[in-house]
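The data below hold one chain only, encoded as structure tokens and taken in the form predicted alone.
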């Protein structure tokens, strides 16, 4: 069974040959290539080369075309700050006043040089792997993107106290998000990861989410021409899982803080789970800890399919040792074979 068939089987709540492993390796490619993060992302060819190498090295079941979240801000004319030991981040906000929201124009996706790098990498990777491996594209949700566009405090004020300008910004962001997602699908992506950390109860109250981010997600996801995975980027998902399912998304990225038994019970035959290894703690894992965590995850969430093993944030930190990723891959192959054995799931 190839990676594509393995993932599709699990998405259909069937048991493939083993639990799929979908390590979300983005800037980790810079470490593998032994270049700086800035140099790594300067050429789309680097991403193609390292995604293919890391897929083989770690027996990974997906290709991940994500560059960095702030590339969308970069495409809008904003600044990107590159760090030597972490993901690039957005700089000075591009929206400082409500008038800026009124003047703001979304970029033309297919004409933008920054987004074009992602599309070129996606197209080339599709030509290399065909239908053997799923390719995962990424968009920032229209609801979470303003944290980078205008800063967290100003955006919260917009949500709670200025519904007219909030609605206007969502309208523009939704249009951009749909165009960006569909361009990636057209270039060869199999599915789109919809990063929406603001919608987690860790950040916003569920009742506020229902009146804002939930409505945004329903409108946006309904216009994306392919499968989607909603990811809360380490935020807990269990309290809003029913609401997220109602948006029409097929996969849910869940947190290491979510209760495994409860979230599997709520997700069963309704939505596929993606997660939930703690990438920060992973930095310090030894082999016994790796095996313990993989066995626990498979035992509690692997039965009947519907599980893709991954980290819980959507990006493997550079500081995670190569050894740990190889041990995770080995443990998934060892303990994730279907039918699952009861004794393989002991914690």
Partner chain sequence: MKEKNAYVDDLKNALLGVDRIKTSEIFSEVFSQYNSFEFIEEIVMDVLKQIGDGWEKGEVSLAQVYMSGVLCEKFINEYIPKFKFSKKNSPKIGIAVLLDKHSLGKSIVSSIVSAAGYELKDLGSGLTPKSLVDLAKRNKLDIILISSLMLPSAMKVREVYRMIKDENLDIKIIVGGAPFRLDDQLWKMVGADGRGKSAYDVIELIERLV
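Every value quoted in this text rests on a predicted model; they were computed, and no experiment measured them. Residue numbers count along the first chain shown, from 1.
Not pictured, yet referred to below: the form predicted together with its partner chain.
* Mark residue 205 yes when one of its heavy atoms lies within 4.5 Å of a heavy atom of its partner chain in the predicted bound form, and no otherwise. => Judged by the heavy-atom cut-off of 4.5 Å, residue 205 is in contact with its partner chain in the predicted bound form.
* To do: Check whether residue 226 has any heavy atom within 4.5 Å of a heavy atom of its partner chain in the predicted bound form, and answer yes or no.
  => No, residue 226 sits far enough from its partner chain in the predicted bound form that none of its heavy atoms falls within 4.5 Å.
* So in the predicted bound form, does residue 98 come within 4.5 Å of its partner chain, heavy atom to heavy atom? -> Heavy-atom contact with its partner chain at 4.5 Å: absent for residue 98.
* Is there a heavy atom of residue 141 no more than 4.5 Å from a heavy atom of its partner chain in the predicted bound form? -> Contact with its partner chain, no.
* Asked: Looking at 173-181, 81-89, 262-270, 217-225, which lies within 4.5 angstroms of its partner chain in the predicted bound form, counting heavy atoms?
  -> Comparing against its partner chain in the predicted bound form, the contact stretch is 81-89.
* **in the predicted bound form, the one of 42, 319, 36, 59 near its partner chain [non-hydrogen atom within 4.5 angstroms]** => By the 4.5 Å criterion, the partner-contacting residue is 319.
* **Of 116, 107, 248, 201, the one that lies within 4.5 Å of its partner chain in the predicted bound form (heavy atoms)** => It is 201.
* To do: Would you confirm whether the three residues 153, 157 and 281 all fall within 4.5 Å of its partner chain in the predicted bound form, going by non-hydrogen atoms?
  => Per the other structure, all of 153, 157 and 281 touch its partner chain.
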